[in-house]
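The chain below stands alone and is given in structure tokens; this is the form predicted on its own.
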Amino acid sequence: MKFLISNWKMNGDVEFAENFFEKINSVKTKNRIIVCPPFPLLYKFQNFAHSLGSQNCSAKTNGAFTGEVSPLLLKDFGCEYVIIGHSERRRMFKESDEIIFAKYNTLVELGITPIVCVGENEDEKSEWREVLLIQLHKFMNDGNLSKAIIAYEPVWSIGSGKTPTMDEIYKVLNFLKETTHFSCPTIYGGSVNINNIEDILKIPPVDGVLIGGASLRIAEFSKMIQSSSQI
């Protein structure tokens, strides 16, 4: 089974969510489809045939944290997965490794699967091993990593149309497998589209993909789901 995770980011509206639900809900696959819309659109995915996820959450379950969203509330909405540590959260909202690890611990306690994003910047490409080890340091000493998914997203690839070579993806994902002692699924994200998804999913250490913009093109995403079912 492969994971196909659709990260809408800050895109979509009620009409789009309704169209997406209608088209994707009926698509059959052996793989795990996880859709992560913006918070206000989660209610549109009640009785969804596939899995529902969130793009972020608070590390706290309740309290005086204006503007934050509790993972308990996300669980009530049916979210089985939550993306944490996305490079946009790290870069734009200054989320530290400590904050990301706190979210991870809360999610694990609640029985929600954290999708932990890691990846290097353009100027860190030659030091990607060191960067990933720093980002994963706290997780390596934790006994719950088998309850998570690690998503490798090279920051320089996200939304750029540029992807690493298949050999580069293999090297990084294999490194993550060995580093985590093969304890959890490892997936790739970064400019995944209809033209490269099959090649990426055929790479042995790749357990799935995290898809951004291409998953917002509903017909294309449907084709991606169908083609991945042949792998």
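Each residue number is its position in the shown sequence, starting from 1. Keep in mind that what you see is a predicted model, and the values were worked out from it rather than measured.
Although it is not shown, the form predicted in complex with ligand PGA is what the next lines describe.
- The single contact residue among Asp142, Glu80, Glu88, Glu95, judged by any heavy atom lying within 4.5 Å of ligand PGA in the predicted complex, is Glu88.
- Residue Ile158 is the only one of Ala148, Ile100, Ile158, Leu136 with a heavy atom lying within 4.5 Å of ligand PGA in the predicted complex.
- Contact check for Glu153: a non-hydrogen atom falls within 4.5 Å of ligand PGA in the predicted complex.
- Mapping the unseen interface onto this chain, Val192 counts among the residues with a heavy atom inside 4.5 Å of ligand PGA in the predicted complex.
- Though the partner is left out of this view, Lys9 does reach within 4.5 Å of ligand PGA in the predicted complex, counting heavy atoms only.
- Among heavy atoms of Ile211, some come within 4.5 Å of ligand PGA in the predicted complex.
- Only one segment in the set 54 to 62, 174 to 182, 158 to 166, 22 to 30 has residues whose heavy atoms sit within 4.5 Å of ligand PGA in the predicted complex; it is 158 to 166.
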